[in-house]
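There is one chain below, alone, in structure tokens, taken in the form predicted on its own.
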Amino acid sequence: MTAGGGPRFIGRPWARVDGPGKTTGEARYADDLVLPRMLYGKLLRSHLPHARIVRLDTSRARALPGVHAVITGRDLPVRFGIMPTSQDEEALCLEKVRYVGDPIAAVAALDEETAERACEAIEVEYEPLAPVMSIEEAVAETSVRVQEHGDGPVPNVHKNVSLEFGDVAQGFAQADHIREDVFFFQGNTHLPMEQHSAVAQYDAAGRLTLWTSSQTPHYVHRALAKVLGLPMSRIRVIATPVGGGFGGKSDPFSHELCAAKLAVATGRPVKITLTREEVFYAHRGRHPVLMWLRTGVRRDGRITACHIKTFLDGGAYGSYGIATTYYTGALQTVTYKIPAYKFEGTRLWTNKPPCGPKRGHGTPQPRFAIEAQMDKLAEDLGLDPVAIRLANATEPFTRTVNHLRITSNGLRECIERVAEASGFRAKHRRLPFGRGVGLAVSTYLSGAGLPIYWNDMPHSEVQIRVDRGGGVLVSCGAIDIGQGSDSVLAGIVAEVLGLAPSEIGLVTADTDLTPIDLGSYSSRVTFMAGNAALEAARKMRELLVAAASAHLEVEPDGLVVGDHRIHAAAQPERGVTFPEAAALAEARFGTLVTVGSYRPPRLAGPYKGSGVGPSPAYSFSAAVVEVAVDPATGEVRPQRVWIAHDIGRAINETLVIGQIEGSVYMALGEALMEEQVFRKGLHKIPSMLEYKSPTFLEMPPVETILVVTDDPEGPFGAKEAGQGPLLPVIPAVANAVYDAVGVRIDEVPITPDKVLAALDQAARGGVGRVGPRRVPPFRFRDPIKVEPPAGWSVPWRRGLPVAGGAPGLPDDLPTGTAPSDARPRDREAPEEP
């Protein structure tokens, strides 16, 4: 059987299936829902960053007319968290608050105004505690504990990681040149247009339904069951359309749990929608990270060893923080061949809203550091930034020194094409003062290799039902958060069955009606749910073709599926329509339902922590940013961005370009203005009026280049496109600023005051650099020493079949050794901090 003529939709631009509903206002978001007899909920939040709760009196609030219920931490004492290792959150604080905005009570009332007055009527007496508000305080503090658990050696350490791959000392001994730098990446938040919102209903049969704006309805389902003490079978979670997530709606949140508890307590539906200020407190955004990076290179620019230390300001609770800590070290080896690599990282507790995953999760910070340092190394060695990156770029179908398996790899093509399109070599160091260009590269996951909680079950499941009239319904637990996953599912099924995407019905993200999908995070949905949809669609096509084959008396291999028909390849007029094929198949096989599922191959390496970083496939990106810097004001204005992204193959070209350009927009905001900062324990700017982010006036033209590599494990060869393109833009801006005015800003955001300070330094004969000078003294644990995989740098398999297969590439590699090629150094390495 052949589809004939190549893909009809895959790889081409076509309209997204949820577009009409969202553009006409028909889509109903969580805050749009109004149920009969619905009450409105509000949370009372702490105004102190760190304090014990001495007394909590809710009697005045309960007595207010229109108040139907008031709950406190005693009503929800079971702790929860997104990861099994981070079950440290309380829906409402019982004994202690840990940041300004920590919730301590919840109210359900007839309207929002009454609920607000009830919160104001609650009397709370605190015993203030000294707050821990920075990385330096968290490392040094010994008398104040933010959390009761940690990983030592000082009280406010959440996680302490130390890994060494290969012989790092020998690698530095082989280097001709060694460089050390310190960088800082300020925390920032997601700034979704839609605030967090949830509506809960507890019906007469004792079943709870929660509608919520969430990226992870499956994990919210689990958290509800745990905290409320209800069986999962009595809870239904429906993820409503998400008006902006970017990772910020990946955790289960206290407002979801409180809405559910209040609905149970009152017997009436309860809605809780966070205010814009509360969204800043819910946070889970980018970790502030302080980084020390030491890299040894040969004279030709090839890396011999790399050592990175990261210090993460995690806020008050765990969230995804342990994974984030590992991510700050795991993916650096996927872009560059690093024969010896040491990573030390620590996540620290502070009295701030908890940090978590934001677009790129844990990887933009170290990518900023390594790409800025690569430019410095190139300058030290007299190489151009393109050459040093090409000299170190990883190859397709290889292993990294830390046991990550690379399949398709378009990094070299990305670098070459973006350099050519931008005229980088002609512009670099040649533009007038105040104008400059910067280059950087990156990589990202196409889904995490392991689930959040350990199990052997599929990560994504899809069910397809075809009725006797030819209607097709696809059911999947994935939630479209704007990335276009609904269109991906519809497009894949339509391609296989010979229909148009608009003809595919969808039921998504409803734990009663759809099979499991783990959620919209780690750029996993296209790859994983896409593969599950592909499997289910192929099974359905086999049933339809078998029925048509018997009816037409043509062998299945002689039939073509496409254009709403199944017909003989040799005689196109001899065929049946899709509805006719569906009726024939139902008569032959009964109800037409097929299922598909996907679980990634086992990819974790032989060491603790190796589950963070492996992915079935990695995307690759390269970006050039041209900037104009005003030396009088310090203002940095991006003029144009060129970005090349290895997508494997696009499912929908329009959506891919939209995701890439959206990543560029978010990256420019982080590079130049966005920061979630605190003063005297308070969030300085919990408002969209004050939290700076780019508008369309600041957005420059973007030239997007799609690099096609047809990944052998992706559905129709596809890889991720939603997060990876953010990563290279931020360091490309920093490198462009240096090219423009000759000063280094080694921390983000790169604000005008920092540029002016660096220019002033340079004018006075200084180094012309703004950024941290050192990292604090800290005792990392003894490293886990891991040997590189045999033949880690040797290409191990090429020419694999593409276009929709998931053949499961082998984990075993040919025997070989890492290159040695020792050369003398020109100077001694500086002492480590």
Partner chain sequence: MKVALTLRINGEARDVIAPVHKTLLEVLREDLGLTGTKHGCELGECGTCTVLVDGTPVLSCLTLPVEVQDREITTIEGLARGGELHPLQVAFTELGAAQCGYCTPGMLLAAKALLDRNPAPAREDVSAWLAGNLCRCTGYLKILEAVELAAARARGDAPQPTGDGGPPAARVPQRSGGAS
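Residue numbers count along the first chain shown, from 1. All values derive from a computational prediction rather than experimental measurement.
Another form, the form predicted in complex with its partner chain, is not on view; read the next lines as being about it.
- Interface residue among G243, P749, P396, G605, judged by heavy atoms within 4.5 Å of its partner chain in the predicted bound form: G243.
- A500 is the sole member of A500, M133, M83, I516 with a non-hydrogen atom within 4.5 Å of its partner chain in the predicted bound form.
- Between 45-53, 787-795, 26-34, 766-774, the stretch whose residues reach within 4.5 angstroms of its partner chain in the predicted bound form through a non-hydrogen atom is 26-34.
- When contacts are judged by a 4.5 Å heavy atom cut-off, V264 does not count as touching its partner chain in the predicted bound form.
- Although the partner is absent here, S687 is a contact residue: one of its heavy atoms lies within 4.5 angstroms of its partner chain in the predicted bound form.
- At the 4.5 Å threshold, heavy atoms of G482 reach its partner chain in the predicted bound form.
- Although the partner is absent from this view, E535 stays clear of its partner chain in the predicted bound form, with no non-hydrogen atom inside 4.5 angstroms.
- Shown without its partner, the chain has R276 as the single residue in segment 274-297 with a non-hydrogen atom within 4.5 angstroms of its partner chain in the predicted bound form.
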